[in-house]
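We begin with a single chain expressed as structure tokens, specifically the form predicted alone.
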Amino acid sequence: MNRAQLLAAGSELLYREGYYLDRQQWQDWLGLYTQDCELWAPSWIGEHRQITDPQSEISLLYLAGHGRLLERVERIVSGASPASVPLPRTCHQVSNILLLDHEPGRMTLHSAFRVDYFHQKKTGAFFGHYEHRLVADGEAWRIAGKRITLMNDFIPTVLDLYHV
């Protein structure tokens, strides 16, 4: 694949991830991730500094491994997460997608995002930057890592995986 083809394939995956989250197609969303994936939203420790180690510092959101994603989705779907009942309606927008680097079977993408949501007659938005690490899986690409730099980290009630 050349650079343009990689960017097109990676962009399509990022758009599809937002599509699945907005439609609450959880199994399809889970299918985008590798078994050893990592989803991480580091917290801020200064105006322009974030934590660097999710294992020893407090993150806004950190889920390591497909099993943790599945566990989180099961809590959301079952209603065991009271903050997610009813589930907010969301609209994910992904833009400014750049192919940062690539090698055979791997690529890293940077993008900007905004997620608007409506929950219990209130609206809100989260915005920031994504860095996705993608790996080839046969003809498809899967998300091995998703780092979320949340620029507006004042969280009025809850932050969950469908917000970012």
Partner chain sequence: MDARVRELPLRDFSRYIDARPQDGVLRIHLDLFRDPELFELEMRYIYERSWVFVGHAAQIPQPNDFITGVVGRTPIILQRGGDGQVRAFINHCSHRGATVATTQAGNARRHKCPYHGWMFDSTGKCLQVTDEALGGYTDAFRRLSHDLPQVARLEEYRGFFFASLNPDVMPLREYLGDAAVFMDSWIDQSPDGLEVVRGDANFTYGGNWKMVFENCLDIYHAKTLHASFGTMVMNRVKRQGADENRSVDLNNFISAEAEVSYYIFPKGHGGMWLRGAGKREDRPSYAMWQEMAARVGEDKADMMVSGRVVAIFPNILLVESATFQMRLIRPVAVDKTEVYAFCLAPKGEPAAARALRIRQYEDFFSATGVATPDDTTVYERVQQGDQARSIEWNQGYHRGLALLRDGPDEAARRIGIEPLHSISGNIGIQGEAVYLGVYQGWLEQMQRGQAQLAGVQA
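In this text the structure is predicted, and so the values were computed from the model without any measurement. Positions refer to the first chain, counted from 1.
Same protein, other form: the form predicted in complex with its partner chain, not shown, and the subject of what follows.
K.L.:
Does its partner chain, in the predicted complex, lie within 4.5 angstroms of each residue among Gln93, Leu99 and His110, using heavy atoms as the measure?
P.N.:
The answer is no; none of Gln93, Leu99 and His110 reaches its partner chain.
K.L.:
Based on heavy atom distances of at most 4.5 Å to its partner chain in the predicted complex, which listed stretch, 99-107, 40-48, 25-33, 131-139, is the contact stretch?
P.N.:
Stretch with heavy atoms near the partner: 40-48.
K.L.:
Contact between Ile155 and its partner chain in the predicted complex at 4.5 Å, heavy atoms?
P.N.:
Close contact exists here: in the predicted complex, Ile155 approaches its partner chain to within 4.5 Å, heavy atoms only.
K.L.:
Might Ile58 be said to contact its partner chain in the predicted complex, defining contact as any heavy atom within 4.5 Å?
P.N.:
Yes.
K.L.:
Even though its partner chain is not shown here, does Tyr62 get within 4.5 Å of it in the predicted complex, heavy atoms only?
P.N.:
Tyr62: contacts its partner chain in the predicted complex.
K.L.:
Although the partner isn't part of this model, could you tell me whether Gly124 comes within 4.5 Å of its partner chain in the predicted complex, counting any heavy atom of the residue?
P.N.:
Judged by the heavy-atom cut-off of 4.5 Å, Gly124 is well away from its partner chain in the predicted complex.
K.L.:
Heavy atom within 4.5 Å of its partner chain in the predicted complex: which residues of 1-21 meet that condition, in order?
P.N.:
Counting only heavy atoms within 4.5 Å of its partner chain in the predicted complex, no residue of 1-21 makes contact.
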